[in-house]
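Encoded as structure tokens, the following chain is the form predicted on its own, with no partner shown.
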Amino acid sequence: MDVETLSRLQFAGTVMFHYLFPPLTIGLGLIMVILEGLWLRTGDVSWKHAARFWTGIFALNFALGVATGIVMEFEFGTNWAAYSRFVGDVFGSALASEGIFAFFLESGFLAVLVFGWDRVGPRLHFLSSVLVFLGSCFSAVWIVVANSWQQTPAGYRIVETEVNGRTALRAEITDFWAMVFNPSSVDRLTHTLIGALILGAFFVSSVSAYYLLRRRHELFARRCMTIAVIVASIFSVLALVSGHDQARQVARTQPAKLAAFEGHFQTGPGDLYLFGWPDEKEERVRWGIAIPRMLSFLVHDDFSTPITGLDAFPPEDRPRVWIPFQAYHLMVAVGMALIAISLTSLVMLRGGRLFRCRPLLMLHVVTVLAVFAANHSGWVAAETGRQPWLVYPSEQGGVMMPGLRTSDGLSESVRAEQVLASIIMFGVVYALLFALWVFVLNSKIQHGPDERASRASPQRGFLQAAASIGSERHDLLETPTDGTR
């Protein structure tokens, strides 16, 4: 393989491994805030121990997220030096903002969150959980802003600089807030955060369902499962809404990407494929099932409005179709399945039927893997769909600014054999890290929460505690811990 292919594979591999952890920490952060809020409001110590259990898992994922994230920043310099020179002014401000506004906030209060259970008061500890959650969200804000700027650049100009006696181009910020609020940043950030919250909710429901199937920690599992199902139901539906808005934005700003997503080769009314096998040589989708003209309706609210096809772009400016097509459709298919699972579970919360439905509980145990796959496939679709560009060409003040092709972003001195050696080395290290993560995660789950505190505490359900703290009304979600009614 050539150095470009190997460098792309290496960066894709390191990003995909890293992306196991940040969405999970964001999603677990919201669950921790809810649990600590209920502890603060009710004084029921079993809520505290539930929050403490998930905080331990949050800390594990936070640590691995930091360790694996640093590697990508080094790769900007080792493999993608020309790209780093081009976007350095933009990325420098975005990553500096992440450090100032997000990482210091998150890591600073993480110490209080993890080690302050018996050292600070409940209010301060609750505040620390809120600030850690907000810090994790702010971190996502600046990373997504930087990545979105590559997709839809704004607020910059191109200047010439000299590198080793040769003239090179560099993007220089002229309007910081235009760079932050570039045409795709809000839509992409919203969809990314929603995906993270869905992952956190289904992770919690997976562990809770496992406990219910094993008849362990049943009070803890019922409470956490109730919260997780409510959160998953809300954000699974919102993901459909935000995804629709983002698809419309992509149609306006990156029409070649949308054409690749849907295998739309010829400009004209667009069909919406449920699945298929795109054939780039014959410029059609084989063995596919499509809803005629539905893509035109979703994008333009009209069945006859044309959708720009790949034929509108020179061959050298077109993305390859198969990977973004399949990744995009996998993400959408999983998203629709998550809506069905979460809403069905929400209905079955009434009367505690969900906690007795073994097939649905078993489905919850494994569904978290599908959510991980959906988050990753969405990223793969977005990044492969913008090829062959690292930074898209854009119009600034009526002037068309040049973009940066992937082939032009490589380091001048790196060789293919060096990249291959580092891929093998990182592959071994990441395999060991993954095994360690699974081992420690499994150990924490097998240990479970502090069961003595849970048994000693009043068995108040989530909805009851949230709605009426002093009420003695029987909660439909509350059942004895021995699994009988």
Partner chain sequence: MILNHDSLALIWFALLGVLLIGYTILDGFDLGVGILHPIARSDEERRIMMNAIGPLWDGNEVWLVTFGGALFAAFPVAYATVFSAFYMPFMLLLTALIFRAVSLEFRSKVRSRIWRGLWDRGFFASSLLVAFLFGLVGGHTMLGLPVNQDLSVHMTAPDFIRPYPIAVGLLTVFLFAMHGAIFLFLKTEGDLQRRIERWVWRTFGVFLVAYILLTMYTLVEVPHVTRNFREHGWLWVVPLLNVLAIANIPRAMYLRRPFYAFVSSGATIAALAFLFAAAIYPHLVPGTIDPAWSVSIYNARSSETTLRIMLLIAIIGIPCVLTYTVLVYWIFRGKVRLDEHSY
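Numbering follows the first chain given and starts at 1. What you see is a predicted model, and the numbers here were worked out from it, not measured in a lab.
Form predicted in complex with its partner chain: not shown, discussed below.
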Within 4.5 Å of its partner chain in the model of the complex, heavy atom basis, the matching stretch of 207-215, 358-366, 81-89, 387-395 is 81-89
Verify the flagged residues Q10, G99 and W117 against its partner chain in the model of the complex: is each one within 4.5 Å by a non-hydrogen atom? yes
Assert contact residue (its partner chain, in the model of the complex, non-hydrogen atom within 4.5 Å, options I445, V429, V45, V33) equals V429
Only hit among L134, L343, V112, L240 for heavy atom within 4.5 Å of its partner chain in the model of the complex is V112
message = With the partner left out here, check for me: in the model of the complex, does some heavy atom of S413 sit within 4.5 Å of its partner chain?
response = yes
Open item on the list: Can you tell me whether D311 touches its partner chain? I mean in the model of the complex, with a 4.5 angstroms heavy atom cut-off.
Closed with: no
In the model of the complex, does W277 come within 4.5 Å of its partner chain, counting heavy atoms only?
no
Checklist entry - So in the model of the complex, does I424 come within 4.5 Å of its partner chain, heavy atom to heavy atom? => result no
In sequence order, the residues of 353-376 that place a heavy atom within 4.5 Å of its partner chain in the model of the complex are none
